[in-house]
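Coming up is one lone chain in structure tokens, specifically the form predicted alone.
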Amino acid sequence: MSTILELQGVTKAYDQYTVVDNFNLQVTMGELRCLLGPNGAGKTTTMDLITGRQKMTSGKVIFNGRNISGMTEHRIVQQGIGRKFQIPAVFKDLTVRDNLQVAFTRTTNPFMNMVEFGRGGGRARLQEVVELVGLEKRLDELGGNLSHGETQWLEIGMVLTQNPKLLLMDEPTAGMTEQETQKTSEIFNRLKGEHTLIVVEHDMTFVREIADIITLMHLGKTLAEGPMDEVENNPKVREVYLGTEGISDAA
């Protein structure tokens, strides 16, 4: 499989404090990569650097063969990168259908977006997305009336309307019930292959359900990388986290 995302020596420093330290990462097309580590390891900052939300101190981000380092957030989205943040950002006074329509942006003209969404391609994409996230029966419900899990699925759907090549997901199961978490793992397993995903997550049961490869960060660097079992049994991981439970202590 070809590489879709590569981080080369990416560093983010604030004066004397380095959050991400010469970090390298290669993700192949269709892969689901989980990015793990304790608070302060540099996970969310890495996501910010990929999407242009923060500017790198040094290094390069190569996406789909193109250097996107220094691009604005808007241009990076146009390259085919979508992101879901930890705290859902849906319009509570709009219906599920309207939220998805707002997210289906192709131009900066809202009227043209609505017209395009109303055409066959937009309607087909809506149907595909709502079936994937399980909100077919909630299309006319206001965003503010959804459960926490449904709100998370709606925001995932809003990202998916643009059909990004790469999806970045920041703690997608935070606050979910066990049943909601299980459904989310099913959604993610359906997404991978067609999409490439990088997921920052603390729920190790969820990670075991979805991850192809995990990258464990420590102090802004890669401590270990590979399949879950391989990383859990890595002597460096056990030494750093001093736990008999493997990396369950690291997230």
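Not measured: the values here are computed from a predicted model. Counting begins at 1, following the sequence as shown.
The next section is about a form of this same protein that is not shown, the form predicted in complex with a small molecule.
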Can you check whether Val19 is within 4.5 Å of the small molecule in the model of the complex, heavy atom basis?
-> yes
Indicate whether the small molecule has at least one heavy atom within 4.5 Å of a heavy atom of Thr44 in the model of the complex.
-> yes
For Gln86, is any heavy atom within 4.5 Å of the small molecule in the model of the complex, or not?
-> yes
Distance check, Gly40 to the small molecule in the model of the complex, heavy atom within 4.5 Å = yes
In the model of the complex, which of the stretches 208-216, 187-195, 56-64, 32-40 has residues with heavy atoms within 4.5 Å of the small molecule?
-> 32-40
